[in-house]
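Shown next as structure tokens: one chain only, the form predicted on its own.
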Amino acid sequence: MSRLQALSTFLYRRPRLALALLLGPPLLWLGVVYLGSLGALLLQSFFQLDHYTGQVVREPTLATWRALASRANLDIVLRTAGMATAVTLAAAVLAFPLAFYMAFRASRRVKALLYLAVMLPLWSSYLVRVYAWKLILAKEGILTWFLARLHLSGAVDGVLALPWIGGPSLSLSPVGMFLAFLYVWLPYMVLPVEAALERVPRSLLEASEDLGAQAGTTFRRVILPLAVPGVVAGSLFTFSLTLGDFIVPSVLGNSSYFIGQAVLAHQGTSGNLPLAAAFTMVPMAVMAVYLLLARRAGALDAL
């Protein structure tokens, strides 16, 4: 008997040892590196920065969390959460028709081409795509030129004049950030929704038709409820990625900070590591609440 066969027999007779050897390395990585780093961040958030010496005072305190609850920092959290919510809702609205066509109407060749079209932007550099949108949305960009040919420049100026969402140009406004976020994260919504629609049993559609249900009724009563897990999965990506992103707001935004920018500024320029760690906890807490609500609604049962 070879050594490999002897080892295989030894592990076969000891299934618990085999399971420990199989799951040990990934669990060690998850527990020490991943969860350990998150625990270190949480611990760091209970320290504070001595603004006189610029040193981190490593004594437990809630001063950093009280600073996080200030009006300026709460505005950053609400601004980021609002953008993430808008991007997620818009991505779901845009992704569902495309995913529906791919799942139920497109031929195999067309479906392959649509898969390629959805995934093709992911093969290019993230920074290149964001800076490309900055050029597209600039005052001298192609979008402004195209809208001027359609005599819609006045409508754009009216949107930019609105409070909260306006700015000097589309490339320096929340509208521009919204468009860039939507473009960047849309594939992460299309693919989960399409996968959920692919799993819808065609027998249910046939049964609904045999029972006399109209197409709209079948869509509302059969297809849409079964597609909810895919929408939830896609929203987990789009919402969480928008919450933590700092590149798009830095390139296309104005002086109003988002959470990612605040984390970068506090741990870099000001050296306020405790406040940066506290800001990092915010997206994690928001996603935990979102997952809890989705679980209570039963949206995660079919994932």
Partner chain sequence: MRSEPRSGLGLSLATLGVLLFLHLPLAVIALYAFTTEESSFTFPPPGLTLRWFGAAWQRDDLWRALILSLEVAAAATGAALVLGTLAAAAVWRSRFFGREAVSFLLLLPIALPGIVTGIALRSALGLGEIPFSFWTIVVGHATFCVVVVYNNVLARFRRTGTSLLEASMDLGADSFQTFRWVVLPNVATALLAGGMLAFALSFDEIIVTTFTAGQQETLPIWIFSQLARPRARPVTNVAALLVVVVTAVPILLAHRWTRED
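Rigid core: the largest C-alpha set superposing within 1.5 Å between the two forms. Residue numbers count along the first chain shown, from 1. Every value quoted in this text rests on a predicted model; they were computed, and no experiment measured them.
Not pictured, yet referred to below: the form predicted in complex with the partner chain.
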Using a 4.5 Å heavy atom cut-off, which of 79-87, 191-199, 156-164, 103-111 contacts the partner chain in the model of the complex?
103-111
Residue 74: heavy atom within 4.5 Å of the partner chain in the model of the complex?
no
Indicate whether residue 246 is a 4.5 Å heavy atom neighbour of the partner chain in the model of the complex.
yes
Please determine whether residue 53 contacts the partner chain in the model of the complex, using a 4.5 Å cut-off between heavy atoms.
no
Answer yes if any heavy atom of residue 63 is within 4.5 Å of a heavy atom of the partner chain in the model of the complex; otherwise answer no.
no
Across 119-141, which residues bring a heavy atom to within 4.5 Å of the partner chain in the model of the complex?
120, 121, 123, 124, 125, 126, 127, 128, 129, 131, 132, 133, 134, 135, 136, 138, 140, 141
Aligning on the core only, does the CA of residue 161 end up 2 angstroms or more away between the shown form and the other one?
no
Residue 23: Cα shift of 2 Å or greater between the shown form and the other one (core-aligned):
yes
Is the shift of residue 11 between the shown form and the other one large enough to count as movement, that is, does its C-alpha move by 2 Å or more after the core is superposed?
yes
Between residue 123 and residue 283, do the C-alpha atoms lie closer or farther in the model of the complex than in the shown form, with a difference of 3 angstroms or more?
closer
